[in-house]
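Just the one chain here, laid out as structure tokens, in the form predicted alone.
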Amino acid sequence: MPERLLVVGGDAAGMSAASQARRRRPAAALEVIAFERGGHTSYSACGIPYLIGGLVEELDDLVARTPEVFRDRFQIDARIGHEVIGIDTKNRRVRVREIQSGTEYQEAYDQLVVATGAEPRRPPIPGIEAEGIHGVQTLDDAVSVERSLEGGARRAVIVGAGYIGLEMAEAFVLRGLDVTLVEQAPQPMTTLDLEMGELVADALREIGVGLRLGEEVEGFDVVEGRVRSVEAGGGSIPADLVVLGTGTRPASGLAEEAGIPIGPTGGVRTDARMRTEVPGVWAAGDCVETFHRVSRKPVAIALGTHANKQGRVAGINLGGGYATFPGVVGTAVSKICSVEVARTGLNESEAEAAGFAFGSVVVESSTRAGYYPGAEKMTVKLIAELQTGRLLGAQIVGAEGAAKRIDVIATALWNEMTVDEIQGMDLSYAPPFSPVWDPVLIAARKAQERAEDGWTDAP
């Protein structure tokens, strides 16, 4: 009898784990069954705003591998429309509900991967369950939003100005909607510091998005079961559809109910090999917490990059190999039409919470040599530890060519470089791509000069 591996969740982490395990162990040695409650496997949720905005033509373009491909090519039994509703770790069984029929059954396992992803935060606001109010987590959500648009929606309100909120704002602008964004913080993108967030706010206003910053949503006006307006800041904002961009949290409830330990972030706790503390149970992806290499604390960050890597690590180990997940530094990029936004490491509030004494610099430069056609402005912020000069974090806002520079900084951050070391890095130069001093090097040089002066105005 082959060993049996069950996977709960059929997207990035779950199917990466299943595929890696299969590559190392044939079907005769390892039976693999994956359960996915939605209608798709291995898809790019990150692409949903670009599908809604019309930049991606077909929903199927976001699907990397269908259940049929997994079954026929990889001999992985991928069951869509099947939700795991209980885990019995003592007897090594899961309880499954076939969603369409409501039929429940049990499956035994030798090894189990929990890859249940993240779930949107839905604050307890009156009317939040009304028709026309959408989360944007799955391809099924994308279909639901598209139906609202096809139904004649012309006024969109987005609640929350994080990554998904900004990307959906751009998508609706591209579709010609009147867009209002409501955010209870005084700036969009609270993962950035205030002065960098203000640049993002300017970019949103330039494309016609109405900003209601520092306002909290108090309720939704619902008529015949459908949302008609959003109540915020003591006023009413007309709405044909609403998108909740209020963030996500690890979907760890199933694991917690089974007695699988949960960490302080709300994510499933694992070791570096993605094993939980329960024998035979592994976890990967947005449902787990991981190690932040700068703050040295556990974090829960929902990104497909991490999910794929963690799933791969789990699968290699399940297949008899050896791999570890080394942690994260919190690197992310986004854009609002022509303005790109990037960050890595810690912002100032995170650095303070982690106990660092730090200083920061903000520099303005250009994406190309100033005399070269198409040169545009970009702003770089670096945060460095006092005395040592070790880089702690960075943020970039600018035109095309700005955001991916964060990868250079993330590499330096990963290797615990100082701003002095960064300013001497041998980065490429040609007028179409960079000034002779790349903006990253300018920022590092400025930080080093400030360090030599003793960071006299540092916090």
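Source: prediction; values computed, not measured. One rule holds for the numbers: they count along the sequence shown, beginning at 1.
In what follows, reference is made to the form predicted in complex with another copy of the chain, a form of this protein that is not presented.
Just one listed stretch, out of 388-396, 66-74, 415-423, 27-35, contacts another copy of the chain in the predicted bound form at the 4.5 Å heavy atom level, and that stretch is 415-423. Of the residues V333, L139, L213, V173, just one reaches another copy of the chain in the predicted bound form with a heavy atom at 4.5 Å or closer; this is V333. Among I262, A130, V361, V329, the residue placing a heavy atom within 4.5 Å of another copy of the chain in the predicted bound form is V329. Another copy of the chain in the predicted bound form is approached by H306, whose closest heavy atom lies within 4.5 angstroms of it. Within 4.5 Å of any heavy atom of another copy of the chain in the predicted bound form lies no heavy atom of Y105. Using a 4.5 angstroms threshold between heavy atoms, G53 stays clear of another copy of the chain in the predicted bound form. Among residues of the shown chain, R312 is one whose heavy atoms approach another copy of the chain to within 4.5 Å in the predicted bound form. For the stretch 404-418, the set of residues having any non-hydrogen atom within 4.5 angstroms of another copy of the chain in the predicted bound form comprises K404, R405, I406, D407, V408, A410, T411, A412, W414, N415, M417, in sequence order.
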